[in-house]
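This document starts with one chain, in the form predicted alone, laid out as structure tokens.
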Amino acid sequence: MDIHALQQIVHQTRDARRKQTLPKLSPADRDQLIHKYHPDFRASAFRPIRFGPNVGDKTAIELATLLEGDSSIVDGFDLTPHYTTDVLVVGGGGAGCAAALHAHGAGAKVMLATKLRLGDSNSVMAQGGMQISVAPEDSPVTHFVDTLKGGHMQNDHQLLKVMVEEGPSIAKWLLSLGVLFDRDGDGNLHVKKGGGSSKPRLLTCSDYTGLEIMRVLKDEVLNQKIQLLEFCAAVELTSDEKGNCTGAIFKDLDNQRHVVVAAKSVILATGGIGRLHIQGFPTSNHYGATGDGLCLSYRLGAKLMHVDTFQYHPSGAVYPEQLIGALVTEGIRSEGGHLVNAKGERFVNELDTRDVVSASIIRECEEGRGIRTMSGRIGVWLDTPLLDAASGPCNRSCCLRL
């Protein structure tokens, strides 16, 4: 059956699906599904790290290979600093800009270095929103419990506590800088329901939340005249005889020269590893997300945490071919989008946790209920009956996989 015939099945089952409510999986069913289908549990995709602080720990083959790579800095390298600062921030995305601004606000001399342009990062590509408990019916405690459940109780409890408790103050800080979060008719912050949440707590800026936040953070970094090194890729961290980090070595991508920065403190905000394409999956990550910070800190002797688990966003385009890997915001599912297999059936609660939704999509594809595109890729439909009911008919169903 061709993809157009399958699309007709999707349309024919819409009325029945509009009335359908799918429950979220029980803890036992969730664990069984994830252990069978989630990429984190594919034994063939993991191997032990051969040396270093995490020796013997299993991680994805791609990451293990990266961590075991050789440094490009040879013995006898001249470590005379070109710049000296109090705080060196490596990374020019949301985390890096926020860290630089807070350090600057505390009175420190700050330098921010990034291998691309300021703001050219994963943060600018985030669409669906940021979860913060600001609604009257919500609370940091509820947010804590929801996130703990979503993390299968493996979360860092102290880190999670800080995140949920300080989230509202960070939202207030972003508002004070000029971030234009969506508002309701009364002028209050508008919140949406997100995956794995018992309460609406997604703060959004339409479907370009990250772009709006980065617009403001980037402008503030420039307004505060924080010293910048753009198009400078960090290639090594430096240390003293006791092993304490003392700065970093960068490679200027414009002239291929090395730049040495001495610093009292170094903050790594270098983003994720999506562009390693773990297990061959497409990714919606920015091209700069190549795991630089993990490799740099590992060579300095830092032990990495949670190297055995990775996030796979459920909704990325797999059709048409030119959009492979493009992110389809979780906001579409929170507004009523349905994940539908080749039989026209919904097979998962679309607002379950991301690992459950991802594993469910893989299950449908591996068990023969996926949709094969003209180029041979397999995915499932993302259908939008409730969105279309509000805005008129739409034939833009797209085929998804991880």
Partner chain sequence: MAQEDSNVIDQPEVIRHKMVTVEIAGKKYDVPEGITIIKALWYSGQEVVRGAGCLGGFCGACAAYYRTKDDPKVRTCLACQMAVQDGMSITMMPPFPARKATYDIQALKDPKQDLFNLYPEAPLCRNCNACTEACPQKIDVREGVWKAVFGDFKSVSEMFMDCVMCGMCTPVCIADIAPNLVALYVSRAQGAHFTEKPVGLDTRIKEIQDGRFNDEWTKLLKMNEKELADHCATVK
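Numbering follows the first chain given and starts at 1. Quantities reported herein were computed from a predicted structural model and do not represent experimental measurements.
If you look for the form predicted in complex with its partner chain, you will not find it shown, but the lines that follow are about it.
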Whether S71, E236 and Q279 all lie within 4.5 angstroms of its partner chain in the predicted complex by heavy atom: no
Partner-contacting position among A95, L211, A108, I332 - heavy atom within 4.5 Å of its partner chain in the predicted complex: L211
Heavy atom within 4.5 Å of its partner chain in the predicted complex - residue from L159, M305, L79, V145: V145
K172 within 4.5 Å of its partner chain in the predicted complex, heavy atoms: yes
is_contact(L296, its partner chain) in the predicted complex, heavy atom dist at most 4.5 Å: no
Its partner chain contact in the predicted complex: K225, any heavy atom under 4.5 Å: yes
Interface membership of A317, its partner chain in the predicted complex, 4.5 Å heavy atom rule: no
Location of its partner chain contact in the predicted complex, chosen stretch of 239-247, 115-123, 306-314, 81-89 [non-hydrogen atom, 4.5 Å]: 115-123
Residues of stretch 166-183 in contact with its partner chain in the predicted complex (4.5 Å, non-hydrogen atom): P168, S169, A171, K172, L175, S176, L177, G178, L180, R183
